[in-house]
Every structure is written in C-alpha cells, then in structure tokens.
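To begin, one chain is listed below as structure tokens, in the form predicted alone.
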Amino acid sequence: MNTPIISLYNVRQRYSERTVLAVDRLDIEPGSIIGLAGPNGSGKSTLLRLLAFLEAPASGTLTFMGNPASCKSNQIHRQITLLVQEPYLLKRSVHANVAYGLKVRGESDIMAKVNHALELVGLPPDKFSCRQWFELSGGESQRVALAARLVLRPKVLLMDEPTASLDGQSATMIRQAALAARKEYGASLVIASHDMAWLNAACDQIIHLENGKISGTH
C-alpha cells in the first residue's frame, strides 16, 4: 500500500481564537485527484494553505511522504505548489515568468522546458514567450501562472478556484493542463472549485467541507 504523500491528523486551525478548520484525518494519495467542494468560508482555502505547508496548524500533525514536516522546509516547498484564483506574475515577459523557478534551481534546457509548459496551457511559445505581463488577459495570466508551476514538475499541485471568472477557453486549458500534470509525471492534484461538473468528471474523490469540517465524501 502506498504511503500518502500528505496526511493530516487531528488538525485544527484557528485565527484570533476562532477555529476555522477541524480535520481529524485526511490522506492525499500519490497520483490522486481530490476535489474540495463547499460554500465560501467553509475552510477550503485554509485547508489548501495547510496542504501547501504555507502555514502551520494551531494543533495536530501534518506529514509529507510519511514523515512529520514543517512549513519551513524548503525541500517540501520545492515539491508542492499552490495556484490561487488571482495570479501573481513578475513584471517581466511570459518566458521570464515561467523560467524563473528553473533558473533559481539551476536547471538546464530551460528554453525547451518553458516552451513545453506553455504548450500544456495552450499558449503557443512563438506568440507568447516575449509578451509582457501587462499585455495578458486575466485568463492568459492564470495560464502563465500555471505554466510557471507545471514547469517545475511538482509532486503536488494545489488549485484554489483556478477557473473562477475565466473565459471559457482559458478555463478549459487550465482543466486540461492540470490533468496533464498527473498523466505526464504523476502529480497529485487537490482542486477547490465551485465547478461541480469539472470535479465530478476529473476527481477520484470529492471532499465536502462545511463550517471548517468534512461533511462528507464521494
């Protein structure tokens, strides 16, 4: 039996003494696609930030690959990435945005890797590589932000309402590129979305959250 890539045990998260998330047990299996459903304020974004090791829980244990892990671990942050609803891009070209993480890591074949990532999100490199950040639509910006994550081949790709407010073409390309991440290199996906049709079609399991607690799964 595979060791879950991320596990939560008796996790509680509190902001200003208010408990916003209470999860007794949650396992993210390698290569799985998990959907997070629930109304606004149900705890989806908080759960994603914990899964991304961007913040530590008030109590409980998070493990990565079976070992207790810290949100300060650079090694973990190299393997888990979070795409939020409002993308942040560097004030640079599309190529520079997607290549940034590769250069920080000292990787080779940067041009080929960047071009492949752009193709995955449906942005032809010959048309978009030299385009500046301010020349992109909202949907194109989100696709560049996703390409910048896919190019690093993370073990876990977390997505927080990635297609909300996007045009139809961009939303479709985001969905397809996310699934390609699992097909190409076995990434685990956790997707928070109100798009239940997408979650039902793509996910191995959907977790329903309400008032910070898991209210059901299917």
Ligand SMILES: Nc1ncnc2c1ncn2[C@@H]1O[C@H](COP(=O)(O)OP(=O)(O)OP(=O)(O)O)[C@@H](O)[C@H]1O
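The numbering used is simple: start at 1 and walk along the sequence shown. Since we're looking at a predicted model, the values are computed, not measured.
Quick note: we don't show the form predicted in complex with the named molecule, though the next part is all about it.
Within 4.5 Å of some heavy atom of the named molecule in the model of the complex lies at least one heavy atom of T46. In the model of the complex, H194 approaches the named molecule with a heavy atom inside 4.5 Å. Although the partner is absent here, P39 sits close enough that one of its heavy atoms falls within 4.5 Å of the named molecule in the model of the complex. Interface residue remark: R18 is counted as part of the site for the named molecule in the model of the complex, having a heavy atom within 4.5 Å.
None of 162-170, 148-156, 176-184, 46-54 except one has non-hydrogen atoms within 4.5 angstroms of the named molecule in the model of the complex; the exception is 46-54.
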